[in-house]
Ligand SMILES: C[S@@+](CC[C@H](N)C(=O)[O-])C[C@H]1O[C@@H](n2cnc3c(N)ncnc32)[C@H](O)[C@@H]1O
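Only one chain comes next, encoded as structure tokens, the form predicted on its own.
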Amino acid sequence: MSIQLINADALEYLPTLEAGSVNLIFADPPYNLSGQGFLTCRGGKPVTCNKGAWDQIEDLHAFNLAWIRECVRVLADDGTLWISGTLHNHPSIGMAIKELGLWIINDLIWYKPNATPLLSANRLAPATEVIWVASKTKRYYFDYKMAKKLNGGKQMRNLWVLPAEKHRTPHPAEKPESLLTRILLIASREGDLVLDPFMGSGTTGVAAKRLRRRFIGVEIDPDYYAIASQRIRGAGEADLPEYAQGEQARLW
């Protein structure tokens, strides 16, 4: 399967892609959490959150509108767009999706039962992320039978209980392979083209390669690009389990 990895700014690279050429887009964009006003936990102690220059954006909503607009252009008419976020950026993502006229399919809640405890005692410990799921038309690819099989034969709901996994790389926002594997199995077919405009540590690319999807990954940070490249190269195509073979999906 074709794997293309690009070390570039997504806003500069996306315009080079052919319109309507991508079957599935998963995006985990910057949350704009870095800076002196934000704290994170490191070694059990609160420290200033500094993920890198890529996570410091002056006008977050304008940025979200720009890259989502390009994603809409390259997305196939029956493709879907999955955008991960937290309370810090998902209101802007939801507004951008509506402003660009997309059809909202789901607001998917990923619940992490083993989420990191909160150091402060003035709020509830965050244990969820939101994933917006949208399409250009109401006829989008969705493998309902696959979703049921992945959920033990029961209709899958929009609350996904998936434990956070120990990070395989130094990337601070690394997503678990179980999450991306589930998304790709439900929202794409073998041979489809999957795009991740904010590739990070390469989890989407690993899942795409193992599930025999074509993949384009774009990452602006050269260090994370190198990490993702090595990780994806080292991933082999998996022997697909029976439930991942020969499924007939629906266009809704």
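Quick caveat: nothing in here was measured; it's all calculated off a predicted structure. Note that residue numbering begins at 1 and tracks the sequence as displayed.
The form predicted in complex with this ligand exists for this protein as well; it is not shown, and the discussion that follows is about that form.
Site status: open, since this ligand, placed by superposing the C-alphas around its site in the predicted bound form, has no atom within 2.4 Å of backbone or C-beta atoms.
Partner proximity in the predicted bound form, defined as non-hydrogen atoms within 4.5 angstroms of this ligand, places exactly one of 172 to 180, 101 to 109, 145 to 153, 120 to 128 at the interface: 172 to 180. Among heavy atoms of residue 215, none comes within 4.5 Å of this ligand in the predicted bound form. Taking the partner from the other structure, this ligand in the predicted bound form has no heavy atom within 4.5 Å of any heavy atom of residue 232.
Contact annotation for residue 64: none of its heavy atoms lies within 4.5 Å of this ligand in the predicted bound form. Although the partner is absent here, residue 220 sits close enough that one of its heavy atoms falls within 4.5 Å of this ligand in the predicted bound form. Taking this ligand as positioned in the predicted bound form, the residues of 197 to 211 that bring a heavy atom within 4.5 Å of it are, in sequence order, 197, 198, 199, 200, 201, 202, 203.
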